[in-house]
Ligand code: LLP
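Quick setup: one chain, the form predicted alone, written in structure tokens, and binding and motion questions come after.
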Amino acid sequence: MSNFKYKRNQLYCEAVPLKQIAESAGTPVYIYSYQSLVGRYKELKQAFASAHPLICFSVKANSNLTICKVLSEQGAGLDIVSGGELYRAKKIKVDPKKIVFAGAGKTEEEIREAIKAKILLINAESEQEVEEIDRIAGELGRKIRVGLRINPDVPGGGHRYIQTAKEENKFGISLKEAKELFLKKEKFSHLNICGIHFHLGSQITTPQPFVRALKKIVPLIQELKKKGVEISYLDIGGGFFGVANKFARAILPLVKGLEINPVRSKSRFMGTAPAEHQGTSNGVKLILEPGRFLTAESGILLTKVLYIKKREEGKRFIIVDAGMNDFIRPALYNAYHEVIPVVRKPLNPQPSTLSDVVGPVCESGDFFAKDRNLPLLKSGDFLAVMESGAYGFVMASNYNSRPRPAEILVKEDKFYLIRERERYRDLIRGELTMEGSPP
């Protein structure tokens, strides 16, 4: 599916050579492929087609307005985790009935804005939060839909920082707590607690964690139905990474096996849900929240070699102009990202040397690759840090007072600036001296 390929020894994004973008836009720069982005969405939609899911792109993976808008135009909704992400969704006019809101620490203002926006579902993560949502909805005179995020105590993902569904993690509530809340849902007069949500983590390459979670969730749904509790939405989160069909084949039989009352075509809660959200033939509406699945392979970080430093033992340090402030995943998660030259020398095989690719930030953790066999390079060459389209720019910072990079979207033989490179003046915007005036 990747649209980053070599042609005549030059790395291209779709029909545009990356060297051309580097020379035009400068480096470091994030570059995204329109065709990869849309292609990944269509792949996922087709894999789960029989369930007619609502696919809500996880904005935290890549919050650029253009990226979100491209996916929205394809039919995607948005999974948000903050008021700022809701603000972005409103800016590009995403249908609020395609927005779901999760997060363990929503503020009163964030809840208030979500209710005013009439989004599809607020996924609450504690009984205290349910009480708070009910209070705020009452003040606003609204009746709203709420889901409960369940922590099924199932490990998922790679690094422990990206596992979110173990008992020791801060997210969600236990199955026992969820059952108790559902059974006293009438206590919350301004809420329709009608959804179940879980999210296992990130970079899950096998469907087995989802199977284990659903084998815990499905019996709860069946038990609740017997007790007269109607479940309308089943949000299984995101985090899956790999071949969409593999996950669909494992997940869909479990979802189709549910016997849940149909979703009402009319509702007094947060407005009427659109027809396409009225559930499968069994009544449940399946919601997916892909993030990395859609954007990781769709983007790269392009950087320029500044210096080559050689050690006596033969190892090299390739010092580039991008740093951990631009892309923190290798430092934070010890994440592996392939690093490849933008222009290959026409030799096969190319001479290579054991190398570390490092940045200019004053931290030993400032690296993109360690102990890699990379071809001989020189100052001015360009390198691509692959699969950087997720959790890349969104986690960038101004550490060491470094301006954040530009972002580019490529579509066929054209490329578009979708975020300007920050300037030094941007670094001090909003700062004041003790006298109260700008520096």
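On a predicted model such as this, the values are computed, not experimentally measured, just so you know. Numbering starts at 1 and runs along the sequence shown.
Unshown form predicted together with the ligand; subsequent notes refer to it.
R149 is the sole member of R145, K106, K285, R149 with a non-hydrogen atom within 4.5 Å of the ligand in the predicted complex. Checked against the ligand in the predicted complex, the candidates S72, Q203, N192, S126 yield a single residue with a heavy atom inside 4.5 Å, and that residue is Q203. Interface residue remark: M386 is not counted as part of the site for the ligand in the predicted complex, having no heavy atom within 4.5 Å. Though the partner is left out of this view, G291 does reach within 4.5 Å of the ligand in the predicted complex, counting heavy atoms only.
Within this chain, F367 is remote from the site of the ligand in the predicted complex, having no heavy atom within 4.5 Å.
Contact check for G238: a non-hydrogen atom falls within 4.5 Å of the ligand in the predicted complex. Of the candidate stretches 374 to 382, 399 to 407, 58 to 66, 33 to 41, only 58 to 66 has residues with heavy atoms within 4.5 Å of the ligand in the predicted complex. In the predicted complex, the ligand lies beyond 4.5 angstroms of every heavy atom of every residue of 357 to 372.
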